[in-house]
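Listed next as structure tokens is one chain, alone, in the form predicted on its own.
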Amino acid sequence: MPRYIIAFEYLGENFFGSQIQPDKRTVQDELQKALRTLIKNEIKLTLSGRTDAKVSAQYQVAHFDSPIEIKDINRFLYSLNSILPDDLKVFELKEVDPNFHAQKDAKYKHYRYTIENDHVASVFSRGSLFYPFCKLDIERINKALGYLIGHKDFSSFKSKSDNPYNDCIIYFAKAKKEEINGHSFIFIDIVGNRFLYNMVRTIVGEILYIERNSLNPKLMDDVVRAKSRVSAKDVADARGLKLMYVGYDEPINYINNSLKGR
């Protein structure tokens, strides 16, 4: 059977995560139902990884094996998106090598956490964390993020999980402040080879804890070295998190081409 890869985006607000769950609305379930309608056969998607409830994605990837050859890609995409709900759309479909694996072949993922650091929330910032409690210092945040770079044990930032493997490589971690339509936003971009359950949200939660209490940014290094979940204080709201990209090339190329100057 031919194997296909799809790239898609979704707003996480009304999903119980990406991975299929019994009696829950998930991204995988919606995609599989739509593919089954068109291909007229059961289709099992393999996602590059899971995202939690309320988390959005700008570029998520999955593969599937089809019992039929999809000859007209554009027509199939049009039909597929006409079936899918408004908060989930597929924008790329192509045949790949039968040995390609969306999860195992992925070399890195890019997550972005968005914070609106203002006294009044914008009506257009639903996909961000509204944080009016204190003015966040971008230089201090970047000092804290600097302690994450490299190959480390990130046990302190993992919520309960049965997976004993806690090592990750963080290639890039940086925050940038931008003024958009009179509102102040902070974007925290993190690129790594893999991420533990709730890892990015816990990192952001620790940053906000450090800033709220005017603590030394080196506390982030202390938390990493502790290798214990109890050392990290908070978990940031899922609505501010977005999966920006899943990459199958070398991470340095993506960082240089897409994140240069951030």
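The structure displayed is predicted, hence computed values, not measured ones. Quick note: we count residues from 1 along the sequence shown, nothing fancier.
Keep in mind that the form predicted in complex with a further copy of the same chain is missing from the display, and what follows is about it.
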Notebook entry, point to check: in the predicted complex, which of the stretches 214-222, 54-62, 33-41, 229-237 has residues with heavy atoms within 4.5 Å of a further copy of the same chain?
Noted result: 54-62
Item checked: Residue (of Asp72, Asp86, Asp97, Glu139) lying close to a further copy of the same chain in the predicted complex, criterion heavy atoms within 4.5 Å -> Asp86
Checklist line | Contact residue in the predicted complex, from Ile149, Ala121, Ala106, Cys134 (heavy atom within 4.5 Å of a further copy of the same chain) | finding: Ala121
Notebook entry, point to check: Does the 4.5 Å heavy atom contact test between Lys143 and a further copy of the same chain in the predicted complex come out positive?
Noted result: no
Check: So in the predicted complex, does any heavy atom of Tyr165 sit within 4.5 Å of a further copy of the same chain?
Finding: no
Next item on the list: Tell me, yes or no, whether Thr114 is in contact with a further copy of the same chain in the predicted complex, where a contact means a heavy atom of each within 4.5 Å.
Entry: no
Checklist line | Proximity of Ser125 to a further copy of the same chain in the predicted complex, heavy atoms at 4.5 Å | finding: yes
Note to self: If you apply a 4.5 angstroms heavy atom cut-off, which residues in 17-53 are near a further copy of the same chain in the predicted complex?
What the structure shows: none
